[in-house]
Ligand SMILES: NC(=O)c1ccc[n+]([C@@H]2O[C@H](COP(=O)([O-])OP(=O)(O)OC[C@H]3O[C@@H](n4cnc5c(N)ncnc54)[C@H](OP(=O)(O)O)[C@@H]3O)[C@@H](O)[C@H]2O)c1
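As a starting point, one isolated chain is supplied in structure tokens, in the form predicted on its own.
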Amino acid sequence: MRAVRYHEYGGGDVLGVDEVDRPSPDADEVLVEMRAASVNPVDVMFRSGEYGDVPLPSIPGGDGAGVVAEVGEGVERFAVGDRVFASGMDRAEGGTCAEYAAITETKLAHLPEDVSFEGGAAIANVGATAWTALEEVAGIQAGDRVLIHGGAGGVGHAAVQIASASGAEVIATAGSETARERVRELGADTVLDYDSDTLAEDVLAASDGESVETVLDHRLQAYLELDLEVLTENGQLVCLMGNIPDASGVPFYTKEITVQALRMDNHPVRAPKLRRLVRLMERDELTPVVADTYDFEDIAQAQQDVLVGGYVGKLVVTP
């Protein structure tokens, strides 16, 4: 089978398409004929050697969608021919940027018939992350005000829809007017320019002068001070990546703000989260957005583009 691989750490030039043996599923695995895989910034971190414990050669891709080709003897939920999508492929398992991937049953769910394989790949990791952050960690409730930084991004575009479906009032940020309009279409009540010099004031104005109960942030180095300013007493700040920067600590104590750093590696069982996403998609409350699709041979360009941003939703590669 064909698979994208890199044999050493480095830039995009280390990526290539190789002929490799088709894997066989273990007892608890499903062999999926991959039709699409998403591109995530963490793929670049693995490839560059920033996360140096990746076994080489390595196949990139932590999520994807396809058709079940074979099932292990212990698999009960899936049968040959099922349409599925997957999230949380471990760096040691082998990724989804291949014609076939053996995936543990706990990382799979059935893909609705009216959702494309590209859409399934696009929503798997980011949807599971957004669900975990908002529903499991923050526990948002109907009527809460939620600030989502980067509402046009991968996690952001899923988070906007999940928060809206939960009955929360959603305030999001995005870079361009085109992106802001698309984020409004996805369900945000207010979308602000994240480059605004008065962003904190804009957030408070959008919430009628009141504070927000939850902030979902992936750039704490840039927004921690703002987050603390706009959060209410006993508010929750969920950080998706990066370290929590130094701060005076005063707002944490005076407002009793809770800060939670979310690392999805600590959530290896993804099937229940994916099934929650399925319910939302079936109710038309969650729509994957595919910004662009690339061939395997163009994976280096896709990984470059995922870092540049400037698009709404996700980038996807297909065999």
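Just so we're clear, the structure is a prediction, and the values are computed from it rather than from any experiment. Position 1 is the first residue in the sequence shown; the rest follow in order.
Unshown form predicted in complex with the ligand; subsequent notes refer to it.
- Proximity to the ligand in the predicted complex holds for all of G153, L240 and V308, with the criterion being a heavy atom within 4.5 Å.
- Between the options A98, V84, I162, V126, the residue in contact with the ligand in the predicted complex by a heavy atom within 4.5 angstroms is V126.
- Of the candidates V54, V67, L262, I257, L262 is the one whose heavy atoms come within 4.5 Å of the ligand in the predicted complex; the others do not.
- Interface residue remark: H218 is counted as part of the site for the ligand in the predicted complex, having a heavy atom within 4.5 Å.
- In the predicted complex, the ligand sits within 4.5 Å of a heavy atom of N40.
- For the chain shown alone, T214 is not a contact residue for the ligand in the predicted complex, no non-hydrogen atom being within 4.5 angstroms.
- Using a 4.5 angstroms threshold between heavy atoms, G175 counts as touching the ligand in the predicted complex.
- Contact with the ligand, judged by heavy atoms within 4.5 Å in the predicted complex, is confined among 226-234, 104-112, 144-152, 69-77 to 144-152.
- Residue Y194 is the only member of 178-195 with a non-hydrogen atom no more than 4.5 angstroms from the ligand in the predicted complex.
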